[in-house]
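Have a look below at one chain only, the form predicted alone, in structure tokens format.
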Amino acid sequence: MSQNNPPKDQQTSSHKKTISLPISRVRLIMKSSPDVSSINQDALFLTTKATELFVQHLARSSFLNGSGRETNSLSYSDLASTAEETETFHFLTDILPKKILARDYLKSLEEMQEEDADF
């Protein structure tokens, strides 16, 4: 064993100290893909860390761009607004849609049906 590389157990414990997300949950999500047969520990750690950094970036951007600064909180509407308004997060608009009231949805649905009937 080389002196520059710490033992595998020591590497694993140092990895666990630098991440907050549960590795077992990330492994379960990765294994749910039919394309994945086995998962390398380094790939699992890097995927977990990248996911954690992405969530932190999304939360920070949503907090700074939303109403969170005044109330010192982060709400779903802040996340949905950030997903809709920021090009970087635009791919999340299907996952984080803006909430609308049922009556507003029904009204827009009626309007769409009226437009379809006009054709």
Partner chain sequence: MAERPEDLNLPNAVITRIIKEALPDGVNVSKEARRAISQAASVFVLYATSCANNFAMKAKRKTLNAGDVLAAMEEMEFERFLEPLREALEVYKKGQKGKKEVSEQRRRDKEEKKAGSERDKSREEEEEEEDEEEDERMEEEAEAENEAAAADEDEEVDN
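Residue numbers count along the first chain shown, from 1. Everything numeric here is computed off the predicted structure, so don't read it as measured data.
Below: the form predicted in complex with the partner chain, not depicted.
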State yes only if every one of Ala102, Met112 and Ala117 has a non-hydrogen atom within 4.5 Å of the partner chain in the predicted bound form; otherwise state no. no
Mark Glu85 yes when one of its heavy atoms lies within 4.5 Å of a heavy atom of the partner chain in the predicted bound form, and no otherwise. no
Contact with the partner chain in the predicted bound form for Thr47, defined as at least one heavy atom pair within 4.5 Å: yes or no? yes
Taking heavy atoms and a 4.5 Å cut-off, does Asp35 contact the partner chain in the predicted bound form? yes
Is Ser75 part of the interface with the partner chain in the predicted bound form - any heavy atom within 4.5 Å? yes
May I ask you to list the residues of 47-78 that have any heavy atom within 4.5 angstroms of the partner chain in the predicted bound form, in sequence order? Thr47, Lys49, Ala50, Thr51, Glu52, Leu53, Phe54, Val55, Gln56, His57, Leu58, Ala59, Arg60, Phe63, Asn72, Ser73, Leu74, Ser75, Tyr76
